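Let's start with one chain on its own, the form predicted on its own, as C-alpha cells.
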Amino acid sequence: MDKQDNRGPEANGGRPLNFLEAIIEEDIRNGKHNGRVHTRFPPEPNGYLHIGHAKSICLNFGLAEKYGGRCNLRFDDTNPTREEQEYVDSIMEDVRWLGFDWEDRLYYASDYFDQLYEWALKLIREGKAYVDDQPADVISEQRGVPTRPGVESPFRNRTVEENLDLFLRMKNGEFPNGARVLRAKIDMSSPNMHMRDPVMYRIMHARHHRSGDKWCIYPTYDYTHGQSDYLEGITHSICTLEFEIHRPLYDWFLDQIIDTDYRPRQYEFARLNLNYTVISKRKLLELVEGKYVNGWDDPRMPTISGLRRRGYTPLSIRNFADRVGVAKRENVIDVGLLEFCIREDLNRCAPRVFAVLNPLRVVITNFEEGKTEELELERNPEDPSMGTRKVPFTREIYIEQEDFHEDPPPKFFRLSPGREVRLKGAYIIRCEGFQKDDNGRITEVYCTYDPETRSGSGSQKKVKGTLHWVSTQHAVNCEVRLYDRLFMKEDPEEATGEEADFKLFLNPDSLKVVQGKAEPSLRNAAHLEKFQFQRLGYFCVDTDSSDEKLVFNRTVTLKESWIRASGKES
C-alpha cells in the first residue's frame, strides 16, 4: 500500500478542506480501498489542452501527491477520426511542463480494446446488449425527452445468437460506417436520458494512431471510461460537472461486468469558466482551422501551449488553480485573477530591463560625444541575489514617443519643453528644444543633463517623472508583439439567437506588432526567457526569435488596464 498523508485541515495551508479532500480523508479513515488514493487524468487526444485542463491536471495530480497516492495519465483514444499523435505529444509536454510526473503509469483506452470487446460479448450473452440497425438520427429521436418514455427499437429483442453473429460481423468489417451499433439494454423509460439504451460500439472504418487497422468498431466514452478506471485500480475518478448525469451509467456498466468488491467511484466538480475566454476544444479548433489565430500555441489562445509561449510560468498556473479552488457549482472566474497570478510570479523572478517600443531620439547636448558610460543597475529589486547588469549610457538615447509632449496636458509629469525628468538609473535631464519633420511629427528632442544627479550619487534633487531609455548606439532591434484579450465580450459564448457565432466577438486589436529597441543585454536572450520591460510590462522571448530577429511577446501589463465598458486600455 502506498504511504498516505493523513493530515487534517490544520495542515492544509490554513484553508478548509475542499469537498474532494474531505471525501478522500473520510475514505482513508474508513479504510476504503485499503487507504489507497489513485486518481487519473484522462484527456481525449483530439486537440491541445487548455487552462481548464490545467485545473484538472493540478487537481488530480495534486490530490495524489498530497495523500501519498498515484495519478495515471490515460488517453481516451476511442475516436480515431479526431485523434492524432501530435495531440498525444503536446498533452504529455503540457503535463510535464506543469511539473507533474505520471512515472510509469502512461495508459491508453486502446490498451483495453480486447478486454472491452470481451465484456461486450458477455453483456450480449446475458441479454443486456443488442445490435441496432437504425441510423443515429432515428435512435436519437426514439429516446424522446426526460418527461416521457422513449420508444423501444424494433431490434431490441433480437435473440442472443443473432446479436452475437451481427456483432462479430461488425468487428470483421462486413458493414459500412453507421450501418449498425451495439446498444446496452437498460431502460427506455428512465428520466435519465443516458440510461435509455446507450450506444456502446459504433462502426468506424478508420485507422487508429496506435492499433492501426485492427479494429473497425470502437467503444464509446461512456462504455470505456468506468472499465478503464477499474482496470487501472482507480479509487477516485474525478470528472467535471457535466458528467454527473453519466454517473448512473458508469456504475451500471461496472455492476454488470465486475464481480469484485472493489469499484472505482466517480466524483464531479465544477469546470473552469473564464470571462473573455472560450474554453471548448471544438471552438478552439474552429479558431485554428479558420486561421483566426496562428495555431494552437498562439499566445492569445487559452491553451497551455499558448500560455507557455506567451510567458506564463507553471507556478503561476498552479497558483491560479489553487486560488480558484474546487467547487460543486458552476461559476465564472475573472481572467484578471489569472493575470494577477502571472504578475505575482514574474515580479518575483523576472529580471528588469529597458526596452523602448515606440522610439523617439533624444540628444543630450552637453554629454561628451563618443563617450560611453557603463551604469550598473539592479536586475530585480525583489531578489538582490540576482545581482546587477551593465547598461551603456551615451549622448544619444531613445525614449518612448508618448513620454514627450510639446504642449503637455495637466498632470503630465514626463518630458516637455523646459521640464526635467529622471532617466531611470542614470541622470536628470532637461528639455531644451525639439525638431519636427515636414508633417509636424517630432523626430528629435534636445536636452541637457545634470552630471551631479546620477542615480546612487546622493543627489537630493527631485523630479516627478522617471523614464526608461536605451542608448541608440547600443540598442538591439526587436519585434514586439503586444497581445491583448482575444474576445471583447465578457461571455463570448452567450447566446444571441440560434445562429449565434462566438467569433463575432473577436477583438480586432488582440495583436499589435511594433518595432522596438532593447538594451544590449537582451541580444542573446533564450527562447521563453522572461523579463520585465520597466514601466511597460512583462515580456517573453518568442519561439520565432532567431539570431537575425529578436522577438518578444507581451505576457501581461504591469497592472490591470482593461476597461470592460469600452474594451480599451486606460
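Note that the structure is predicted; figures quoted are calculated from it, not measured. Residue numbers here begin at 1 and follow the sequence given.
Separately, the form predicted together with the RNA exists; it is not shown, and the next lines address it.
Note on the partner interface in the model of the complex: the residue among T147, S385, N439, T260 having a heavy atom within 4.5 angstroms of the RNA is T147.
Of the residues D544, D27, E44, E529, just one reaches the RNA in the model of the complex with a heavy atom at 4.5 Å or closer; this is E44. The RNA is not shown here, and in the model of the complex it never comes within 4.5 Å of any heavy atom of G311. In the model of the complex, S140 approaches the RNA with a heavy atom inside 4.5 Å. With a 4.5 Å cutoff on heavy atoms, I238 does not count as touching the RNA in the model of the complex; it lies far away. Residue contact with the RNA in the model of the complex: P302 places no heavy atom within 4.5 Å of it. Against the RNA in the model of the complex, the set G226, Y230 and R389 makes no contact: no member has a heavy atom within 4.5 Å.
The chain is drawn here without the RNA; in the model of the complex, the stretch among 91-99, 117-125, 199-207, 429-437 whose residues come within 4.5 Å of it by any heavy atom is 199-207.
Contacts of stretch 379-412 with the RNA in the model of the complex, defined by any heavy atom lying within 4.5 Å, are made by P381, E382, K411, F412, listed in sequence order.
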